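Form predicted on its own, single chain, as structure tokens, below.
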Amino acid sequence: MIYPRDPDRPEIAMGARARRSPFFDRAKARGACMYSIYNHMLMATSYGNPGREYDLLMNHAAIWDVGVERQVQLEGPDAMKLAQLMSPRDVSKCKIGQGFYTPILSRDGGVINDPILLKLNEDKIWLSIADSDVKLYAMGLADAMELDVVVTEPDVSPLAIQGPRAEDVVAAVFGEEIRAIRYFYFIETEIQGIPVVLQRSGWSKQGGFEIYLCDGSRGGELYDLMWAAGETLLGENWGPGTPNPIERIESGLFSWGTDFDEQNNPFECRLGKWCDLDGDHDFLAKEALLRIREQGPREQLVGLHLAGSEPLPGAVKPMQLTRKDGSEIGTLRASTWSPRLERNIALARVLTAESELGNTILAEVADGSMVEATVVNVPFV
């Protein structure tokens, strides 16, 4: 049998290696039609109507299957010690029931991941990770340092409710008391016997919660509860969505693996403020970061305004940045048409010497042509 094939739209073979979240079937039934691989799992990236998905996030509320946002659990007497080895933040300041955004660093200062650290108790931590194998790194460190800690991936899968009406939807299910939860704080609770951790968080600047399902066999039940609440409360102003590429660029939410990776140190990707180098706590990358801070970073993560009054195709790979004389100075990492600004915007990495606000350079776009670009601050909006 010969299958129809569009070479410009390659498909993903959904085999056993591409794991599915507990919400996969529900998301598919709601119209998920495009996927990416994230943490070895299938992540829905589109429901076929990007304009509606953006509108729901910006003006109403949407439900996101973000079960790909895996947890690395550190459990045992040395859980905090292991977390501290990897983090430049003083994790001893994290309270039980609180989350800390933190880079996870290699010894030379490379950013291996940038998770939310959730402290469930003194001996139990979750790292809610972006798309890289933090579990293997943590296991290796624990073994090498002979730490009394067990590193696992627990049966935990987040479901996100995002948008300005997200809190109303979540309160309709979990009760009005959830409105008192502060940003990045969480509670352990249940709904109709379904165990969850409920945190005010999410990969958007529009507000919302992530509901960490702690029993994967009940994913359909949890999804249906949240769907029914959103539909009752918001009607047509409710629907499915995904971590939105337009809003995330507009809002300056950086993506590990797209905007930076382990080849970059925190000072090159605007994560320096999360690096406490003057505290008493020690961590693997401290010596390297002190040296980098003194020398200054080689490059910077910046925003760009791209010339043109019509939408340009979004970048699907790193694109070249040059001076006007053609010499290379960096790469454009992600781009989009901004509905709020009505212009093309991008995130890019450029040499520090070229990162001054207002500097005009040239940027390659998806069709291979070069357009004028101006360095601007982020967030854009």
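Just so it is clear, the structure is predicted and the values come from calculations on it, not from any experiment. For every residue, the number given is its place in the sequence shown, counted from 1.
Here the subject shifts to the form predicted in complex with a small molecule, a form of this protein not shown in this document.
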Residues in which of 167 to 175, 251 to 259, 213 to 221, 229 to 237 have heavy atoms within 4.5 Å of the small molecule in the predicted complex?
251 to 259
Looking at 130, 149, 86, 111, which is the one with a non-hydrogen atom within 4.5 Å of the small molecule in the predicted complex?
130
With the small molecule left out of view, which of 191, 116, 156, 139 would have a heavy atom within 4.5 Å of it in the predicted complex?
116
Is residue 303 close enough to touch the small molecule in the predicted complex, meaning at least one heavy atom pair within 4.5 Å?
no
Is the gap between residue 97 and the small molecule in the predicted complex 4.5 Å or less for some heavy atom pair?
no
Would residue 35 count as a contact of the small molecule in the predicted complex, using a 4.5 angstroms cut-off between non-hydrogen atoms?
no
With the partner left out here, check for me: in the predicted complex, does some heavy atom of residue 283 sit within 4.5 Å of the small molecule?
no
